[in-house]
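Next up: just one chain, as structure tokens, the form predicted alone.
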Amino acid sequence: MKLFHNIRKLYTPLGSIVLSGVAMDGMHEIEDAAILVRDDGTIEEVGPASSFIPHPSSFSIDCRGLVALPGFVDSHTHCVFAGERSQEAAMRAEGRSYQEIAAMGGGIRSSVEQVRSASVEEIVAYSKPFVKRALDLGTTTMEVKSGYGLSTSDERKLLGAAARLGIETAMEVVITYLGAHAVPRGKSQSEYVDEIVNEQLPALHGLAEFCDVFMDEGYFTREETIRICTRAKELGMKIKLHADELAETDGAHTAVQLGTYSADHLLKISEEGIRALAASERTVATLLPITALSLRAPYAPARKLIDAGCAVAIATDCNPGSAMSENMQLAMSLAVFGMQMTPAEALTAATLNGAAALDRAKTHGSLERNKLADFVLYDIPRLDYLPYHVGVSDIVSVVKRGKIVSGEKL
């Protein structure tokens, strides 16, 4: 056992299911806290230090009066790729849209060309620094999508690289197959959807836990999305969905109908889509404020979603084109300042609800008995300071399964 003590304040959401609406603002706060961690990396007890009975075999770790929060769960990233696309940021500054840049040869297909010319080893070497930096910035669990291969062999290469990232870093990586990210050059839309359903999914489903589809204007239609997701579910995969980012295409409502764990982006969500998400007991509205900032687009309506009773998560969408950041604290700051979320709502969205979007709310996302001891120690006065100190990390140590994996050794 390990006893992490002398924690000046500990903040955590509570529960093993997603939190919706007003419940997102309910934050459990403990003064002078301690966390007792079992040898398997799960929590035996968390509470005021005065309530702990000394355990004869526990190893004591002094947390020096720091503040403890659950590790971030970044539930939407494309953090396995090869090569950067910084020129597209300059093009957006000149007024070019996402769709215009794609039509000019940029966008997803530009990353596809870079991935296809790289080996698995080169992709891992390029992606690993971003994953390690995310860990340094407080993320202890990260979803990683494929989607820059767009063929069976190249998607397999990306899924293999994502698995390697989980082995070669202390990050816990959740793998998602996103073959339906765009249509590759040289194929018609119908030909490529047939390939996904009949070739890619049967060959690759065992390499990923989730299947995702980019359902949006200019990408995959509602009918194609349903066909792909139905096949993925037949093969035992869980479903996530890119929805209503570039246009309102009934994405949120379709996500609920399909029983997805999350509907992501939602910049253009309709009132009907909000009502559908509010009525769902599973589908999390995952908002990606760094993407909205990068695309110079209005933020997703977080306040409206929460007030309607939806469950909201936030994630980085770390990718080389439209959200080149692995910083979940920045996503929290944008959620507070750009999307009118409270600091407590933003922390819930970045931890427990992110875990729910990955079907991990029972084991991740909060500091409670029997959950994983994934937490971060900050040199801050209170929770409100975290989003307030924009773009700067006040992290001292990152703990994953009860072991310090980044920062100072206490």
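From 1 onward, residues are counted along the sequence shown. Here the structure is a predicted model, which is why all the values come from computation and not from measurement.
What comes next is about the form predicted together with N-(iminomethyl)-L-glutamic acid (NIG), which does not appear here.
Spell it out for me: taking N-(iminomethyl)-L-glutamic acid (NIG) in the predicted complex, does every residue among D74, F210 and K240 have a heavy atom no farther than 4.5 Å from it?
No, none of D74, F210 and K240 comes within 4.5 Å of N-(iminomethyl)-L-glutamic acid (NIG) in the predicted complex.
So in the predicted complex, does R85 come within 4.5 Å of N-(iminomethyl)-L-glutamic acid (NIG), heavy atom to heavy atom?
Result yes; R85 sits at the interface with N-(iminomethyl)-L-glutamic acid (NIG) in the predicted complex.
Although the partner isn't part of this model, could you tell me whether S322 comes within 4.5 Å of N-(iminomethyl)-L-glutamic acid (NIG) in the predicted complex, counting any heavy atom of the residue?
Yes, S322 lies within 4.5 Å of N-(iminomethyl)-L-glutamic acid (NIG) in the predicted complex.
In the predicted complex, T291 touching N-(iminomethyl)-L-glutamic acid (NIG) (heavy atom, 4.5 Å):
Output for T291 is yes: heavy atoms within 4.5 Å of N-(iminomethyl)-L-glutamic acid (NIG).
Do F130 and N-(iminomethyl)-L-glutamic acid (NIG) share at least one heavy atom pair within 4.5 Å in the predicted complex?
Residue-level check for F130: no, no contact with N-(iminomethyl)-L-glutamic acid (NIG).
Of the options Y98, Y261, Y192, Y299, which one has a non-hydrogen atom that comes within 4.5 Å of N-(iminomethyl)-L-glutamic acid (NIG) in the predicted complex?
Looking at the other structure, the residue within range turns out to be Y98.
Just to be sure I understand the contacts: of L330, V115, V256, I108, which is the one whose heavy atoms reach within 4.5 angstroms of N-(iminomethyl)-L-glutamic acid (NIG) in the predicted complex?
If I apply the 4.5 Å criterion carefully, the residue I get is I108.
76-84, 119-127, 277-285, 155-163: which one contacts N-(iminomethyl)-L-glutamic acid (NIG) in the predicted complex at 4.5 Å, heavy atom to heavy atom?
Of the options given, it is 76-84.
Which of the residues spanning 203-225 lie within 4.5 Å of N-(iminomethyl)-L-glutamic acid (NIG) in the predicted complex, based on heavy atoms?
Contacting residue: only F214.
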